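Given as C-alpha cells, the chain that follows is alone and in the form predicted on its own.
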C-alpha cells in the first residue's frame, strides 16, 4: 500500500514557527472544507469510514495520534506526531484515527464539501465497493 506523507516547510526564527499551506502547491487538491478534532476521549476511535470521492490531508497540529488505513486488500498504521507532517488519504480508503495523546488536535483538509452520500460507514459495504471498483 502506497502511503503518502507530506513534510511541510516550516518558516521560523527565534519567535517561533509558521507553516503555510496552499492548494495544489502543498495540498494536492482544491480545499473545499477544513475541520479539526480535539478533546477525543481516551481509547476512542474516530473515523471508521471511507469516502467514495473525497480526498483528505490529515495533520496532527498538536500532540499525536495514529491513523489506520485500509484499501480493502492491506492495512497500514501511520503515526502522526509532528505538526509539519501531513498524511494524504485518497478516496476509497477506510480510515480509523485513534491513540490520541492528551490535548491532541487533528486538522483535516478535505477536497469536497460535506456530503453524507459520499460516506461508506459499514466495513463490509466498503469491501464490496472496493471489489466492484477494481472490476471497472
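Source: prediction; values computed, not measured. Residue numbers count along the first chain shown, from 1.
Quick note: we don't show the form predicted in complex with dTDP-4-keto-6-deoxyglucose, though the next part is all about it.
Selected contact from 87, 104, 97, 27, since only one has a non-hydrogen atom within 4.5 angstroms of dTDP-4-keto-6-deoxyglucose in the model of the complex = After the contact test, the surviving option is 97.
ask   = Is the gap between residue 47 and dTDP-4-keto-6-deoxyglucose in the model of the complex 4.5 Å or less for some heavy atom pair?
value = Heavy-atom contact with dTDP-4-keto-6-deoxyglucose at 4.5 Å: present for residue 47.
ask   = Given that the partner is absent here, does residue 59 sit within 4.5 Å of dTDP-4-keto-6-deoxyglucose in the model of the complex, heavy atoms only?
value = No, residue 59 stays farther than 4.5 Å from dTDP-4-keto-6-deoxyglucose in the model of the complex.
query = Though only this chain appears here, would residue 37 touch dTDP-4-keto-6-deoxyglucose in the model of the complex if you measure heavy atom gaps against 4.5 Å?
reply = Yes.
inquiry  = With the partner left out here, check for me: in the model of the complex, does some heavy atom of residue 11 sit within 4.5 Å of dTDP-4-keto-6-deoxyglucose?
reply    = Residue-level check for residue 11: no, no contact with dTDP-4-keto-6-deoxyglucose.
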